[in-house]
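The form predicted on its own is given below as one chain in structure tokens.
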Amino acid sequence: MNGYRLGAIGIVITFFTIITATVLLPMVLFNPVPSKSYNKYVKTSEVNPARGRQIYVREGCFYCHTQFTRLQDRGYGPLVKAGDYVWETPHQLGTARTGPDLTNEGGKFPSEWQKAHLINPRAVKPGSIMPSFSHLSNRDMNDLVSYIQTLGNQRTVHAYVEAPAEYELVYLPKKTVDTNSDAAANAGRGIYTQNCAACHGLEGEGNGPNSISLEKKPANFTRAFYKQYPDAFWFYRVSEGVAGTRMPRFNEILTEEERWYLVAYLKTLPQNQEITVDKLDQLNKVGQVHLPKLTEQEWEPHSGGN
């Protein structure tokens, strides 16, 4: 009998230890400083985003949508910080991503689009499994849309593609190659010639021998806007390629150091002209390759088993 009691006491102690360590202690000790990128709800005479948040909770939107952009996310905008949620009670982090993350959803689409999406999801997103929320009253619908439009409204979301966060936070700080040095660029030139010139051309003008056969033409690095690329974005493109093109993911071919050398060389390409390749004679051809002629003596004799 005593053995059963000791076992029960041990289970109870273990249970409360786990609850204390995973729930109670974090509640007491975790007090993040409020950030400047929290969602700002501004009530007007027409809409109330704070009330829209209550409708978001009531309708169970958090079952399918999350509101936390993680390090490994792509295309969901800036990362969130713990301080972003200080004023959010209860928070709407969510757990499953049956639908897309909504951390920075505000402003991505016009309010009328959001409303049409809520009323008839498949009319604007074919294949969507989101149920219709056409049962909402006009006031509820407007408040819910206003809430969605506030999500991420204090964060800076760039209109152009950015390197995923890990390239800024992980790869860039531990970079060991000086991408502004001539030595690194010279090292990168050989890597470029061997791996990239067949498509992008020896001078990076997008006119390599393979370019004429590619449906989506290789990038012409002489275009002016490539000057805007920061190191992290170059490294991201080199590492993961460009979706929808034939460019390989060089993180599976080259080492991290070789990719940084390649970035160093790409930054040295002149960016002051633009070339469109539509004829064979515009290709950046390499010299004709002369193969050695094999004499009969150089062929391995085949005896046929005799």
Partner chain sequence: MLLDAVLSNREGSAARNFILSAIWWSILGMGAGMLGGLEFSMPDLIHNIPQLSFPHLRMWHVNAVAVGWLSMGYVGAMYYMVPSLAKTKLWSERLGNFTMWAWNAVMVGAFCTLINGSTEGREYAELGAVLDVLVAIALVTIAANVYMTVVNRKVKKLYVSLWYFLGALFWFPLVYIIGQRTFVALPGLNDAIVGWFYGHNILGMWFTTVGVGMMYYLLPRLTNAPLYSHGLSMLGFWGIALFYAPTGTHHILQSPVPEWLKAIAVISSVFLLVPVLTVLTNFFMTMKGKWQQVVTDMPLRFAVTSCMFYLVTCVQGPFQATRWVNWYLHFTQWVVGHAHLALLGTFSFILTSAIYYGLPRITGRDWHSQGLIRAHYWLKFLGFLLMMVSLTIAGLIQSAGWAFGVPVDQWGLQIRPYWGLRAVSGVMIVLGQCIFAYNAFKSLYTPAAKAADAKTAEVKA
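Numbering follows the first chain given and starts at 1. In this text, the rigid core denotes the largest set of C-alpha atoms whose superposition between the two forms falls within 1.5 Å. None of these values were measured; they are calculated from a predicted model.
Missing here is the form predicted in complex with the partner chain; even so, the following discussion is about that form.
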query	finding
Location of the partner chain contact in the predicted complex, chosen stretch of 145-153, 129-137, 230-238, 176-184 [non-hydrogen atom, 4.5 Å]	129-137
Selected contact from K108, R189, K217, K125, since only one has a non-hydrogen atom within 4.5 angstroms of the partner chain in the predicted complex	K125
In the predicted complex, the one of Y38, F68, F250, Y265 near the partner chain [non-hydrogen atom within 4.5 angstroms]	F68
In the predicted complex, E88 touching the partner chain (heavy atom, 4.5 Å)	yes
The partner chain contact at G94 in the predicted complex, heavy atom, 4.5 Å	yes
P209, heavy atom within 4.5 angstroms of the partner chain in the predicted complex	no
Heavy atom of V57 within 4.5 Å of the partner chain in the predicted complex	yes
Those residues of 7-30 which, in the predicted complex, come within 4.5 Å of the partner chain by heavy atom	G7, G10, I11, V12, T14, F15, F16, I18, I19, A21, T22, V23, L25, P26, M27, L29, F30
Is_shifted E105 between this form and the one not shown (CA, 2 Å cut-off, rigid core)	no
Core fit, then Q92 C-alpha moves 2 Å or more between this form and the one not shown	no
Rigid core superposed: E203 CA moves 2 Å or more between this form and the one not shown	yes
